[in-house]
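As structure tokens, one chain now follows by itself in the form predicted alone.
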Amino acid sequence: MGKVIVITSGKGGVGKTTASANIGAGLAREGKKVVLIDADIGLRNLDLVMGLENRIVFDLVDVVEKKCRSFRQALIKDKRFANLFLLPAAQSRDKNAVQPDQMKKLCDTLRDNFDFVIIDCPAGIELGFQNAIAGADEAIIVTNPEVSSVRDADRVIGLLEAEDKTNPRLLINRMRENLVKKKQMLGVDAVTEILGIDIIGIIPEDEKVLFSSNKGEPLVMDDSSRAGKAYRSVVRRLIDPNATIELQIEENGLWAKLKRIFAGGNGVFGFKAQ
């Protein structure tokens, strides 16, 4: 039976959809059978980030309203990976077109057919959020190392706990260690002290993120991308919780690769692993 993971955040613009695309593609690259669900009804973007926007016929709303024969008819196969599929969001409907019980039922069906179901949650904490988390087993919260983003992430943690979605994990995105050293950006230690949840990965700032999104090619396919390497570490952690995490850390203008297991002992960036 597969695992359903929702990727969420308290605010938009933190890199949640990019994270969803890269985690899904990375899992497929490791041989896992994966379906990505874009739950952002009315504002779909996951298809663009994946480069699959020209192949959409049916969408998430069509599936729950049974306007197609089955969920399989709505899936878009990513030809770059043997086992990666996208279920796109509806672009011309509003967020109440799908209800939490419908999403849960769909997730229960998909978990029987895939190793991982990755849900790209809409920004905010209203109906779209409630729909997206309804069928999830686990949650990954994406935050940037800035005060407003961390505060919103803290709010999301409380909402997940209220829905019995316990033990969410944190993905810190757009980390710039040189700014942390100058005290112009929150460090990992500060973020974890505020949020108090385990970290699954730290993604460094990388200009290739923009190029990747515009081209519709996930970063995990680019071996020269710092962020791509960090996402591959997140994927290994999802498959094996004891896997070594590789972090691309800026040091004196260079990027040095450090390896550290997030279980026990002191971590990097001056924080202790949870």
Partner chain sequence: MFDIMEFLNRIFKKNGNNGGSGEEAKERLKLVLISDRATVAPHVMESLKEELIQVISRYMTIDTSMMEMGLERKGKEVALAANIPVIGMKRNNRKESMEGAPPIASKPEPAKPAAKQETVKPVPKAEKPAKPPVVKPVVEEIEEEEEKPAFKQTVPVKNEPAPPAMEQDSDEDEGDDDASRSRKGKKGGRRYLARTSTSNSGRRTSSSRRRS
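Remember, predicted model here, so these are calculated numbers, not experimental data. Positions refer to the first chain, counted from 1.
Separately, the form predicted in complex with the partner chain exists; it is not shown, and the next lines address it.
Contact check at 4.5 Å (heavy atoms) against the partner chain in the model of the complex: all three of V150, G158 and Q184 pass.
The partner chain in the model of the complex is not approached by L75, whose heavy atoms all lie more than 4.5 angstroms from it. Not displayed here, the partner chain is approached by D154 to within 4.5 Å at the level of heavy atoms in the model of the complex. The partner chain in the model of the complex is not approached by D101, whose heavy atoms all lie more than 4.5 angstroms from it. The closest heavy atom approach of A97 to the partner chain in the model of the complex falls outside 4.5 Å. Stretch-level contact check against the partner chain in the model of the complex with heavy atoms at 4.5 Å: of 142-150, 83-91, 107-115, 121-129, the positive one is 142-150.
Checked against the partner chain in the model of the complex, the candidates L195, L171, M175, A136 yield a single residue with a heavy atom inside 4.5 Å, and that residue is L195.
For the partner-free chain shown, nothing in 211-237 comes within 4.5 angstroms of the partner chain in the model of the complex, judged by any non-hydrogen atom.
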